[in-house]
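Have a look below at one chain only, the form predicted on its own, in structure tokens format.
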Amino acid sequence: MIWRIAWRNLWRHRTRTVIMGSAVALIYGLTLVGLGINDDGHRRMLEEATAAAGGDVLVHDEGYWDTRASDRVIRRGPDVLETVRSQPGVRLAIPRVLVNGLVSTSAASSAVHLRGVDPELEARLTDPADDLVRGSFLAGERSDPIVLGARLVEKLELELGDRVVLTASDPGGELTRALFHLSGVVETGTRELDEMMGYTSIEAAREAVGMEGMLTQVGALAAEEVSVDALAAGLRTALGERADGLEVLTWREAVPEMVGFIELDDALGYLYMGILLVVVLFSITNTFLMAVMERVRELGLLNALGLRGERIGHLLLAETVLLTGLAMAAGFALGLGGHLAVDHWGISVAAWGLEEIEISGLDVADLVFYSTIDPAKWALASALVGVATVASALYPAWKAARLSPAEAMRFYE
């Protein structure tokens, strides 16, 4: 009987029901959409951070990551590469020769961070050829190709096929020079990368700085079922004695700034949604209380007819449960619709007027966020909104339960 009366009461006061239900539906729907965007954005940032670092796990000479010195090299490169490749849980091992030096032409000189890469292997992590705007990406027959950033090419006044001289230090600390020919131009949209980035083949980079049989870095990608920390520990064990002179870092250890940024952004996102939920729930509580005050005479009459205070409180809670159920059904439809829309069209960070926000080599402004459903988080959010909404009616229900018939019938006198 209580539930039947509660259901009828909802539609006797349609305006109030719609207002309170809309508030619950809106906060619930926005919470679900916010969770979807937040989770997808952080997932994409983690993927981009892994690509920016060079892999899930990085192997290089001890101290290289802090100093980037030219004498910090893996001297037994092929052996280390083969050990990494053969380790269980390694999906892909990517060798690199990294050189910091100076590129010169007759017009100008500029610093360069030259990456000697295997284009096919590198493309399986992140394909630099996607940023190619002119020429080809290390695909010609030349043995000395170089691909440079667009701003660097402009500064050096280069055209495709022009000669470029690289000056750098070899592993022994001696200055060396090598001749390259410009084969391509890349443009990432990030100023610092376009002013300093360069690519060549591993063989050409080794020959340029006298690193025959050596590597600077091996990046390892973990299989889906293997955790990054477990893979790093396994590689340290597999490398054995050689691990004493090498450094094995997870991408989180390599780019702690990005990890900190994601954790901070995640915390702020949940804090924002929590504050929004609290504000809305206070508003709902106030609305419920005002509804009780408007219905004092009605509730007093019910009390006089034999519906005692405790059951009046149960009646208001039943109304709240029914209202919450209807509102959350509408809110879920709203949240799912928002999720599908965002997942289809995406939200570009650059569209908000943010440009060149670089963290650990990753330009955050280039990211486009979509939406993803984490069933556990959606279920938790649903439970939280449902419980909190019903809880917001506890005080108004308690207030109604304490009304005496005599006081209630005199309320409008």
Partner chain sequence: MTIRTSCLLIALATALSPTLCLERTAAQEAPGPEGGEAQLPDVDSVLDYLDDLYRSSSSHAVMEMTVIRERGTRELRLESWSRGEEDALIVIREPAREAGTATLRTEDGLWNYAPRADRLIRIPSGLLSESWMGSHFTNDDLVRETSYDEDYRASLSWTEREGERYLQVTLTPRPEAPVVYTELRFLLTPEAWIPVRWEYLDEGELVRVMTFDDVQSVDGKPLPLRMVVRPTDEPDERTVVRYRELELDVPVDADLFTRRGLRRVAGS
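Please read these numbers as outputs of a predicted model, since none were measured by experiment. Positions refer to the first chain, counted from 1.
This protein has a second form, the form predicted together with its partner chain, left out of what is shown; the following refers to that one.
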Using a 4.5 Å heavy atom cut-off, which residue among Gln87, Thr250, Ser104, Thr188 comes into contact with its partner chain in the predicted complex? Ser104
Of Ala178, Ala318, Ala204, Leu132, which residue is found within 4.5 angstroms of its partner chain in the predicted complex when only non-hydrogen atoms are counted? Ala178
Check Leu340 for me: does it contact its partner chain in the predicted complex (non-hydrogen atoms, 4.5 angstroms)? no
Consider Thr237 of the chain shown here, and say whether it contacts its partner chain in the predicted complex, taking contact as heavy atoms within 4.5 Å. no
In the predicted complex, is there a heavy atom of its partner chain that lies within 4.5 Å of any heavy atom of Leu326, even though the partner is absent here? no
Taking its partner chain as it sits in the predicted complex, is Val165 near enough to touch it, meaning that at least one heavy atom pair lies within 4.5 angstroms? yes
Taking the partner as it appears in the predicted complex, which of 117-125, 213-221, 169-177, 330-338 has residues with heavy atoms within 4.5 Å of its partner chain? 169-177
Between 107-121 and its partner chain in the predicted complex, list the residues on our side with a heavy atom within 4.5 Å. Ser109
